[in-house]
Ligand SMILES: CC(C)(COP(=O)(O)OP(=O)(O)OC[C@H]1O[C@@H](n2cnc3c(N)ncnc32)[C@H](O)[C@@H]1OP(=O)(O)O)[C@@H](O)C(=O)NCCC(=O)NCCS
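Presented as structure tokens, the chain that follows is alone, the form predicted on its own.
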């Protein structure tokens, strides 16, 4: 039987997600993916399936994005996954969506799509009338220990170089709401939401951090980490205002974030990237993760 999950189910859900797949660290961010907010949404709907008093499967959907769908290994091949998927598809259709996507929810994503190595899930979805989208997405892995490009000395040099041009590189304050408005006005989308989350306090500590380049009262560049998949050391979003590009400000705020991540992680994952050459030059790349966006279009009869 399907039933709604609540915060009291979080320990059992975390255990299930921790063993469900080697490709996603869902158990480490279970609360965020099962119950966390996202921009421009009504909040997720999260359900579970119990078998013999044990949580055997989980699904969470927000709008037309499946955030999480997992079945414990010992309960597979019983139709539980298909039941959860059907529930997600019905929920999306009920809210008037013409299609449904797996993962990749802007502002609160476990991954940009299905990990390309996860061929079992890709094949399982194909058999259920899901299809791949053509825009393969990439995450970059960067070493933040023993990396000659990621050092306090280099970050200092970039900050000094920026100061000679009239810029200040600094850490954003948690109450810096004007920054969110500036990011929203220039870049829009989910970025203000993710930056705000990177500046939130949790258990007496900041969940992440944001570094900015400013000149006078103007924001010129920003970069954030741990605004999504909090605690895993993920980098982003980041951007430079057009009038200030070419000044190495993006590189300066990137390095400041990577040094933050280095306090708790050996690597940083730069998610859903745009300009790969920038990251190769600025901090080096030791690995890549490729993701396949997958969706199902609903027929007129289904809608």
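Numbering follows the first chain given and starts at 1. Because the structure is a prediction, the values reported are computed rather than measured.
The protein also exists as the form predicted together with the ligand; that form is not presented, and the subsequent description refers to it.
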query: In the model of the complex, the residue from 135, 146, 77, 175 that sits within 4.5 Å of the ligand by heavy atoms; finding: 77
query: Position in contact with the ligand when the complex is considered in the model of the complex, options 230, 139, 121, 159, heavy atoms within 4.5 Å; finding: 121
query: Distance check, residue 129 to the ligand in the model of the complex, heavy atom within 4.5 Å; finding: no
query: Distance check, residue 279 to the ligand in the model of the complex, heavy atom within 4.5 Å; finding: no
query: Interface membership of residue 81, the ligand in the model of the complex, 4.5 Å heavy atom rule; finding: yes
query: Touches the ligand in the model of the complex: residue 68 (any heavy atom, 4.5 Å); finding: yes
query: Output flag, 150, 258 and 268 jointly within 4.5 Å of the ligand in the model of the complex, heavy atom basis; finding: no
query: Answer range among 213 to 221, 69 to 77, 91 to 99, 185 to 193 for contact with the ligand, defined in the model of the complex as heavy atoms within 4.5 Å; finding: 69 to 77
query: Residues from 137 to 173 in contact with the ligand (non-hydrogen atom within 4.5 Å) in the model of the complex; finding: none
